[in-house]
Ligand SMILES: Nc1nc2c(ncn2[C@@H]2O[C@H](COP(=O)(O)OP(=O)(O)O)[C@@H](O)[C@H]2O)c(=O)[nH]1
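Let's start with one chain on its own, the form predicted on its own, as structure tokens.
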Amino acid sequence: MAQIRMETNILGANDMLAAKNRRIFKEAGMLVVNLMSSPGSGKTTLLEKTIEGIKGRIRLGVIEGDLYTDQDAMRIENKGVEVVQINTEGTCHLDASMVEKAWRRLAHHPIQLLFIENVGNLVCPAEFDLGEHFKVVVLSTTEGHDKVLKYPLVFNQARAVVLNKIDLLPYTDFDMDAFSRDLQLVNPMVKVFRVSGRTGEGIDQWNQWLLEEVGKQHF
């Protein structure tokens, strides 16, 4: 019982901070997207391709979450976008407090679309609201089609799922029909994009959707 109370207290405190973040983001007029995936899905490569496609059309910012190192943040910075690194030093997820502190370092920039690249993990990040407008899950064909039913919470919470490394589909045993069926069961309203971060296939459709979301009256 003590363990359950502790978890409830942690998540409750986080939810309060997330609500504060959401008010701050609304006042700043930003759309905030929480990108989640397992390690190796190509999340950072997708983000690089996204930045290349829309950087000149809207103002972008990135909060980069990782256990250690700033390698991914350096990749994003090389694309000419404002980025703040969060190193969790072993913690398997970002939380609302980390995001609030990182946002302070970006607050003086007029950002329209803020990406939060979460720590590579399909379990813990799903439990923590960061104050984002919505979550996007990146899944690669090399990971297997069974991930939807193995990690239903993160897929259930997602506004969109980006199926990456579609160019490698012929070289895997990824079952597209099973993936679509499982996703329909877990989240029938989710938007699905089939892309390749390497070849650029499907990136234009993903980018156009993001621009449309920014243009909507979220704020």
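A residue's number is simply how far along the shown sequence it sits, counting from 1. As the structure is a computational prediction, the values presented were derived from the model and not from experiment.
The form predicted in complex with this ligand exists for this protein as well; it is not shown, and the discussion that follows is about that form.
Looking at this ligand in the predicted complex, residues Ser38, Lys43 and Arg198 each place a heavy atom within 4.5 Å of it. Only one listed stretch (181-189, 25-33, 53-61, 163-171) carries heavy atoms within 4.5 Å of this ligand in the predicted complex, and that stretch is 163-171. This ligand is not drawn, but in the predicted complex it has a heavy atom within 4.5 Å of Arg75. At a distance threshold of 4.5 angstroms between non-hydrogen atoms, Glu117 is in contact with this ligand in the predicted complex.
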